[in-house]
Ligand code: GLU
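One chain comes next, on its own, written out as structure tokens in the form predicted on its own.
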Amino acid sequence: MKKLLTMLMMAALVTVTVKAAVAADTLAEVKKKGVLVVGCKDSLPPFGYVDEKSRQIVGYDIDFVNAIAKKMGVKVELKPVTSASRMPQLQEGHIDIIAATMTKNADRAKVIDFSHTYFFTGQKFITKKGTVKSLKDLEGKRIGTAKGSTSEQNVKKALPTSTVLSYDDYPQAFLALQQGKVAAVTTDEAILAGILAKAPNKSQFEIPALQISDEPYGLGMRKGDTNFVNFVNKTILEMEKSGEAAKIFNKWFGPGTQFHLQRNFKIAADK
């Protein structure tokens, strides 16, 4: 009986802690402590990865959230997260915001709040060159992706006869492709392009023109954290208007890339 009571008290304490985190005014708290704790990817170029020279996490997501922190007048503390861990980390109060290639969708929006879209892409595949011309070529095959991602859900719908193997991150899934354990790796095209650009044997692989979904990225914040969400959205719109968002985009992707026109669409779709 005593053991059961102790367990119930611990569960109640966890519930109170989570509710307190949700109800908190993150904007005021971050300004008070002077640090914005960001959940980000650390092995996913060009969005978030460890730079070989500086040994610091850099990337598109990092530059975007650094600009928001600068507007707040605070420093940034980066905490690596995975696709599966990022929402729990936010809800439990371990991070203040998610900047980790996170697709906005209705199910996630029931649990957390999203900023305006700050990047727009679509889900595709990396395959061995010349092996895939249509989705039929992937039917019944093993497909690699990341745990807890929308990519995992989308590919199961698009290829119900295939076997989806979920890894901790996309580089691990790509390693499985190189080792012949899967026939393809699937996630957002911008992520696939970043992985392929870093691969020493990239000439052996390609990204076929097969898109199975649209993927708008948003910065994730705790549900009901209205002041913080409004501040972040206002800052994103100011960055678009001033050209700062385009500058960050061009730094990591270049104005001539296939994602350039998609970037021009993303904010307008949220207004």
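A quick note: this is a predicted structure, and the numbers were derived from the prediction, not measured. Numbers follow the displayed sequence, beginning with 1.
Another form, the form predicted in complex with ligand GLU, is not on view; read the next lines as being about it.
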### Message
Although the partner isn't part of this model, could you tell me whether Phe228 comes within 4.5 Å of ligand GLU in the model of the complex, counting any heavy atom of the residue?
### Response
no
### Message
Does any part of Thr150 reach within 4.5 Å of ligand GLU in the model of the complex? Heavy atoms only, please.
### Response
yes
### Query
Should Arg108 be counted as a contact of ligand GLU in the model of the complex, where contact means heavy atoms within 4.5 Å?
yes
### Message
Within 4.5 Å, heavy atoms only: does Phe64 come near ligand GLU in the model of the complex?
### Response
no
### Region of this chain that lies against ligand GLU in the model of the complex, out of 158 to 166, 125 to 133, 68 to 76, 182 to 190 [heavy atom, 4.5 Å]
182 to 190
### Message
Please identify the residue among Leu90, Met102, Leu138, Ala173 with any heavy atom within 4.5 Å of ligand GLU in the model of the complex.
### Response
Met102
### Query
Counting only heavy atoms, which residues in 214 to 230 are within 4.5 Å of ligand GLU in the model of the complex?
Glu215, Tyr217
